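As structure tokens, one chain now follows by itself in the form predicted alone.
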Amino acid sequence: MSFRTIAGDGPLRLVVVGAGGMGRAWARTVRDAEDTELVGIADLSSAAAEAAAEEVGAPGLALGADAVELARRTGADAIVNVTVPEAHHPVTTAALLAGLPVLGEKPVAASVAEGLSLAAAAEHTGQLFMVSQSRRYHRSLHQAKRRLAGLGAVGIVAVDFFKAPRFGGFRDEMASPLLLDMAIHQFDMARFLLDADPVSVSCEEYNPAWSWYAGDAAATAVFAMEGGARFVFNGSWCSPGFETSWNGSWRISAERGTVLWDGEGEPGADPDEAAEPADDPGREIAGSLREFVAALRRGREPMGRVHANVMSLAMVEAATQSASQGRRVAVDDVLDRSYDAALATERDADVRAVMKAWPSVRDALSLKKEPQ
């Protein structure tokens, strides 16, 4: 399942779609990278787009409300989709069908069903759609995985995530703020560490009495993973004091030893055997951007290609369903229901035909294995 590459030696010309806080961070990252050029910012609000251009030091930058039109006007090679999750599907679909590769912010879409539609659209068009799961881009995470190599089979991956952010705004009113807005990062990191996808999950959500969130801001989830390992997520967004890293605090138990990682510094292993240093993947969104460019220029399979990344969102949907229903949820049930919903709502006949040709959803999503 290949994708079209872009020949040339010059910087990749990019339009950033979305002029909010994260969109501006992406615009600065694109501006500062040696192998990319920021050629436009698209947003439904012209005032927001103008303010973003001013903030990144490009007051004369091309602006517009329509990402595809702006990309064509500026001769952009690709777009970076930093819209709200509800807009991920329409914006990315329009770009792919217009022949533009896309680097999108997480989550892949607002639902697994929309994510499946986007995977099929990428197949149909032959364009790369990569999701920026930015917390994979941390050298110490890759070193933790490297240190596991000599310890045999991994049986337990456990992460504690305890923070106390006071965001204000929509997160304070969400039904499941921790699971829906944050946990996908740790879920995705566990998939990376194990090289395995989820099979089922049991999850409980709750809200401590002192919580300032309207919805449940704490959760414990136990995932059964392919190969038999368990991934245990234990987290809270309303736990002040001795807070963990935003990456979480990890303990990985294997057949012949354990790896510990505090989410920031160098991982430790017991027994402490020598391990080759991991390659530097770059840091957070700058690492995502670097990998996207390398994929388009050299055809190198990136982490976060849409087919692989849908499984991380499926973990979120399965966990929230388990919590609300009070029972273990099979991930294949989530995938199958999402597939039926995607077929029922897909408007593009060619994209629908791609989905209908899949042998199964899990098989279709696992056709592309990510780089190790």
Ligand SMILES: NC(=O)c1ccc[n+]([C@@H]2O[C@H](COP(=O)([O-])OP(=O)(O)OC[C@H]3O[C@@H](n4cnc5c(N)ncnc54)[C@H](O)[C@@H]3O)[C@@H](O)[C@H]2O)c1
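On a predicted model such as this, the values are computed, not experimentally measured, just so you know. Just count from 1 along the sequence shown to find any residue number.
Just so it is clear, the following notes concern the form predicted together with the named molecule, a form of the same protein that is not shown.
Asks: Taking the named molecule as it sits in the predicted complex, is P11 in contact with it (heavy atom to heavy atom, 4.5 Å or less)?
Replies: P11: no contact with the named molecule in the predicted complex.
Asks: Classify A42 as contacting or not contacting the named molecule in the predicted complex by the rule of any non-hydrogen atom within 4.5 angstroms, answering yes or no.
Replies: Because a heavy atom of A42 falls inside 4.5 Å of the named molecule in the predicted complex, the answer is yes.
Asks: Although the named molecule is absent from this view, report whether T83 comes within 4.5 Å of it in the predicted complex, heavy atoms only.
Replies: Contact with the named molecule, yes.
Asks: Can you work out whether M22 and the named molecule are in contact in the predicted complex, taking contact to mean some heavy atom pair no more than 4.5 Å apart?
Replies: Flag for M22 set to yes.
Asks: Between A98, M174, A278, A87, only one gets a heavy atom within 4.5 angstroms of the named molecule in the predicted complex; which residue is that?
Replies: Contact residue from the list: A87.
Asks: What is the one choice in P267, P302, P107, G248 with a heavy atom within 4.5 Å of the named molecule in the predicted complex?
Replies: Comparing distances to the named molecule in the predicted complex, the residue within 4.5 Å is P107.
Asks: At 4.5 Å between heavy atoms, only one of the stretches 224-232, 253-261, 98-106, 71-79 reaches the named molecule in the predicted complex; which one is it?
Replies: Answer to the contact question: 98-106.
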